[in-house]
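Shown next as structure tokens: one chain only, the form predicted alone.
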Amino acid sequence: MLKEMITAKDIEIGLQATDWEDAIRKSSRRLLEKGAIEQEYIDSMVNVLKENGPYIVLGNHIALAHTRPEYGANEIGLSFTTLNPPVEFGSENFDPIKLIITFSATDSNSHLSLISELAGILGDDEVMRNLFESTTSEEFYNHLVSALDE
């Protein structure tokens, strides 16, 4: 499912952000421009993080930016953004964040297989090192697809 959803156009390399909020807002632009989400979705992601802290930080240097579907998710969407320099999200164990995966789903179940595929990639240190070190969206995409083909 992931392989069919992603193209190099869904990847941004080396985004500069002033803080975690700026990083979330900027990394969400691709999904907003595609119509996968509304502006309300972005605002909700920021507000929930302000209220609940860095719950979206999944592991070393990785954040999965998302919120509830009713806040403006129009379709399942996914984008990848590397941050340069990395950004502090307030996670004692996993900061600074180098990769934001921005994600939208229209319900609570349809995206579970996609999340499962992502988990397999995110748990592979070599794949993550290759993704973090990618200098172009095409290079990132090729590493991602190669990992999915294994």
Partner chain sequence: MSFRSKAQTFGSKLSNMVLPNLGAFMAWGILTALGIALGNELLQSFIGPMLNYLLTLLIAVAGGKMVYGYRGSVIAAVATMGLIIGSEITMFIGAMVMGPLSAWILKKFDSLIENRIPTGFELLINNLSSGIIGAGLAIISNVAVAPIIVSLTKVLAAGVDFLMEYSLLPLTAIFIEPAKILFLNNAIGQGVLTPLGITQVSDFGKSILFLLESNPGPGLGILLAYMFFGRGNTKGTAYGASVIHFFGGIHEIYFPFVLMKPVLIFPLILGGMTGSFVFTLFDVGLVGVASPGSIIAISIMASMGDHVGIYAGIIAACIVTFVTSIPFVRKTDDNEEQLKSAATQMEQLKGKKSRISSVFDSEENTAKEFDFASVKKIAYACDAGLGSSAMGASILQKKIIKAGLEDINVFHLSVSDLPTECDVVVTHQSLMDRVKELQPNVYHIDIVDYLNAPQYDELVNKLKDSQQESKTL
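Residue numbers count along the first chain shown, from 1. All figures in this text were calculated on a predicted structure; none of them were measured in a lab.
One more form of this protein, predicted in complex with its partner chain, exists but is not displayed; see below.
Asks: In the predicted bound form, does T67 come within 4.5 Å of its partner chain, counting heavy atoms only?
Replies: T67: yes, in contact with its partner chain in the predicted bound form.
Asks: Report yes if any heavy atom of S116 sits within 4.5 Å of a heavy atom of its partner chain in the predicted bound form; otherwise report no.
Replies: Yes, S116 sits close enough to its partner chain in the predicted bound form that at least one of its heavy atoms falls within 4.5 Å.
Asks: Does any heavy atom of F103 come within 4.5 Å of a heavy atom of its partner chain in the predicted bound form?
Replies: So F103 counts as contacting its partner chain.
Asks: Please run the contact check for E40 against its partner chain in the predicted bound form: heavy atoms, 4.5 angstroms, yes or no?
Replies: Close contact is absent here: in the predicted bound form, E40 is far from its partner chain, nothing within 4.5 Å, heavy atoms only.
Asks: With its partner chain left out of view, which of V87, V57, L99, L31 would have a heavy atom within 4.5 Å of it in the predicted bound form?
Replies: The option sitting close enough to the partner is V57.
Asks: Determine the residues of 81 to 103 with a heavy atom within 4.5 Å of its partner chain in the predicted bound form and present them in sequence order; the list may be empty.
Replies: Heavy-atom contacts to its partner chain in the predicted bound form: N93, F94, F103.
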